[in-house]
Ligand SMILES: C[S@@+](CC[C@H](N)C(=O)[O-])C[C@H]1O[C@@H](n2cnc3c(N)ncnc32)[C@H](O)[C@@H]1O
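Okay, here we've got a single chain as structure tokens, the form predicted alone, with questions on binding and movement later.
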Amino acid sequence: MPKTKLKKFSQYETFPNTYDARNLLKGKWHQEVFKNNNPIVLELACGRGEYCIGLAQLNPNKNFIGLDVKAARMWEGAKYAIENHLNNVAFLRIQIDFLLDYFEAGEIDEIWITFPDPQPQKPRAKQRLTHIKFLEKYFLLLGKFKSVNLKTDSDFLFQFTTESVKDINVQIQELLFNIDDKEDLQDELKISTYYEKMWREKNIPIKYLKFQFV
């Protein structure tokens, strides 16, 4: 690991808003981390935490947790949150496969998945974050009438997801093949990450799907 990444990894572990697999906070996030009863929203595979930060700034009455396995990436978001006094943001370094080990059923109110790796290779289908394996975990975590948001540049993943949700009890709340085609776009969808800017420069449409378990 390069020295810069090692330094960020080391600093990540000292930040007051960062956690990892050693922090067993299942059922305790409201009480021990945020110290309020505001709704908790997860961003999965959050990378640098740009979207998580943006959502937190728009919604000060909600709590946000960014999940990823790479501390050196989340270091960016964690540091920004500290410097800008965003006390409604935290970061957790774990494998998303083990999501249910770190959150109690009903503890989470909403999930965002922004620009994940589409994992197009067939042998890696089960690693797609909208594979039925993960959708079942999200349902157990969220329960009924709570939502999952997917924002992606990938036509492949978008189509895969729309097919996947047909196999479970969900209600599609919004489906956009190009968010720029929508008038009065909600502020949450105007947040732009490093990757979104990169895809936009290549004129790749940004797609959005929101569905609710029923």
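Note that residue numbering follows the sequence shown and begins at 1. Just so it is clear, the structure is predicted and the values come from calculations on it, not from any experiment.
The same protein also exists as the form predicted in complex with the ligand; that form is not shown, yet it is the one meant from here on.
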Seminar exercise, completed: Exactly one listed stretch (157-165, 23-31, 37-45, 171-179) reaches within 4.5 angstroms of the ligand in the predicted bound form by non-hydrogen atoms, and it is 37-45
Problem set entry | in the predicted bound form, the one of D97, E83, D101, E136 near the ligand [non-hydrogen atom within 4.5 angstroms] | D97
Exercise. Do N88 and the ligand come within 4.5 Å of each other in the predicted bound form, heavy atoms counted?
Worked result: no
Exercise. For F15, is any heavy atom within 4.5 Å of the ligand in the predicted bound form, or not?
Worked result: no
Problem set entry | the ligand contact at K146 in the predicted bound form, heavy atom, 4.5 Å | no
Problem set entry | Touches the ligand in the predicted bound form: K62 (any heavy atom, 4.5 Å) | no
Exercise. Going through 51-77 from first to last, which residues have a non-hydrogen atom within 4.5 Å of the ligand in the predicted bound form?
Worked result: D68, V69, K70, R73
